[in-house]
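Take a look at this one chain, the form predicted on its own, written out in structure tokens.
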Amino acid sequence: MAIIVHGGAGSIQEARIPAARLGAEQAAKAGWNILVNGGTAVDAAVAAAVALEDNAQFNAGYGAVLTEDGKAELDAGLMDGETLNVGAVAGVRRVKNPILAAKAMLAVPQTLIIGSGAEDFAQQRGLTMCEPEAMIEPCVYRRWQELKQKNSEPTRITDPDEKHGTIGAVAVDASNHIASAASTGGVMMKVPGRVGDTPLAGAGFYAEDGSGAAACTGQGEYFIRLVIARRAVEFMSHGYTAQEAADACVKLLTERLGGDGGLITVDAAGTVGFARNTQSMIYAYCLTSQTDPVSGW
């Protein structure tokens, strides 16, 4: 069994590192507790993602960054490596935990629903809904106001004043089933309606039993073009370890397109990997041999 989570790749203010690492550790532990009590990889990845969405340190759920018109538009995706079922939502404003909407999507024929349709779907499934303003954290709103006054364009993940990237979790359970989850608010000052890699299976997340799982973070357009998450799992299917697959994908991202970001991986053997070409990427993991969370940035 194993679980690893990430809290986004980019630059980070040094003062934020302890709280962000603690949040990642708590998320990994939430997922690990599911696994050690006989739960599935899907449930473990979702539990970890919910913990990260609920933590304002991260760019997902409450506290996510805002579009150029000052709204939080949230995306999330989930894949069950046993069934290859995919669930994803994009551009939601009223769903408290988008990853739970993605989980509910696993039970329907569709794989991705957007905007008001996704919100209606979540409400019909009894998920917690809220007013859009309730998803906006005050510090994020103040930062948006500053950028708006400067007529700023979308911020890059190399800006240490911003929250960056996606949150993600990948897990393998006691039955060797594998899952991947991802959730994000995108990039600060993004064009309304912009969707990156996070809710796109193969680009931002992917899982397949017998091979592995990956969850990505960074400039989503590059991850879409290179289908990074699927490539990582393909590498593992050909015998790469989780770490080798992560390293190979970051090398490809850097050399082929000059993109910024990173990813976390888990392979069928229950080992984890993480790599990035940015200044930092908050991560934490638990393994059968290392049940207390190990974290870094």
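All values reported here derive from a predicted model rather than from experimental measurement. Note that residue numbering begins at 1 and tracks the sequence as displayed.
The form predicted in complex with another copy of the chain is left out here; the points below concern that form.
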statement: Residue within 4.5 Å of another copy of the chain in the predicted bound form by heavy atom, from T128, T83, S152, Q145, is T83
- line: As a check of understanding, the residue in I136, A104, L226, A174 with any heavy atom within 4.5 Å of another copy of the chain in the predicted bound form should be identified as L226
message: If contact means a heavy atom within 4.5 Å, which one of 174-182, 94-102, 189-197, 137-145 is the stretch that engages another copy of the chain in the predicted bound form?
response: 189-197
- request: Using a 4.5 Å heavy atom cut-off, state whether R230 contacts another copy of the chain in the predicted bound form.
  value: yes
message: I'd like to know whether Q110 contacts another copy of the chain in the predicted bound form, with contact meaning heavy atoms within 4.5 angstroms.
response: yes
message: Check L257 for me: does it contact another copy of the chain in the predicted bound form (non-hydrogen atoms, 4.5 angstroms)?
response: yes
query: Using heavy atoms and a 4.5 Å limit, would one call G117 a contact residue for another copy of the chain in the predicted bound form?
result: yes
